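One chain comes next, on its own, written out as structure tokens in the form predicted alone.
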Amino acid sequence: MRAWKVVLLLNLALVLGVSWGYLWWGRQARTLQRDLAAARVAAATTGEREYHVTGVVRAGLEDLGLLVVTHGEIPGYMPAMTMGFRTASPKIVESVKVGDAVRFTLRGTPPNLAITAIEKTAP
């Protein structure tokens, strides 16, 4: 085969390969852009949420405005676990003691939630 034919075939293969790769990349970029727009819409529509949860008080940190609670599952947000929550008022921490079974309200935009109300329940 003559050298010019080899060069022509190599150039043709290179152009076809680059073109196919560019088209594939463009399709992926459009899909990613569409998914990102959907995520932004979902984040904008979620806004402030309110959850009603039961649990047991494990610790109260008045200085930091935190209440550590072992809580049940929060449907649509998180599984059961022990964790600390900010409180909307220092009086919330003062109103309970370690070992109290409680029912409390979490309010805010996830993941920035705070306990806004709490009441003791029967153990």
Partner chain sequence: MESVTGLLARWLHLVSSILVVGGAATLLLAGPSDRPTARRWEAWILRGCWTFVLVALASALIAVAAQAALLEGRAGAALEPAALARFLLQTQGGTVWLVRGGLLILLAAFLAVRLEVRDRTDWRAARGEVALLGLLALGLIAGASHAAAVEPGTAAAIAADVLHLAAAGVWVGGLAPLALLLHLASREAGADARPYAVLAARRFSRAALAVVLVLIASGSWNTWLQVGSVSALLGTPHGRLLVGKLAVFAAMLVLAVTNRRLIPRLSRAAEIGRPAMQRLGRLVIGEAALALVVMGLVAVMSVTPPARHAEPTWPLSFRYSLDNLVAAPDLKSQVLVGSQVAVLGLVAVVASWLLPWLRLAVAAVGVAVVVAGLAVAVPPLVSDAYPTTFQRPATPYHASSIADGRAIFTQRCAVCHGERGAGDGPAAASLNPRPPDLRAHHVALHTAGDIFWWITRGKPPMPAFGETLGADARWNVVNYVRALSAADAARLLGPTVQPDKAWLVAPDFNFAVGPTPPRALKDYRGRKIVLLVLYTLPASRPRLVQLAENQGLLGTLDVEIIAVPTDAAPDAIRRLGADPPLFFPVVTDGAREIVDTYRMFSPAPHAEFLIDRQGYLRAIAAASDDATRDPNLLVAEVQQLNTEKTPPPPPAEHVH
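Numbering follows the first chain given and starts at 1. On a predicted model such as this, the values are computed, not experimentally measured, just so you know. Think of the rigid core as the biggest set of C-alphas that the two forms share within 1.5 Å after superposition.
Beyond what is shown, the protein has a form predicted in complex with the partner chain; the following relates to that form.
- The closest heavy atom approach of Leu36 to the partner chain in the predicted bound form falls outside 4.5 Å.
- Using a 4.5 angstroms threshold between heavy atoms, Thr82 counts as touching the partner chain in the predicted bound form.
- Taking non-hydrogen atoms only, Leu66 never approaches the partner chain to within 4.5 angstroms in the predicted bound form.
- Taking non-hydrogen atoms only, Arg86 never approaches the partner chain to within 4.5 angstroms in the predicted bound form.
- Annotation: Cα of Ala117 displaced by less than 2 Å between this form and the one not shown, core superposition.
- Once both forms are fitted on their rigid core, the CA atom of Leu9 lies 2 Å or more apart between this form and the one not shown.
- Once the cores line up, the CA of Gly99 ends up less than 2 angstroms apart between this form and the one not shown.
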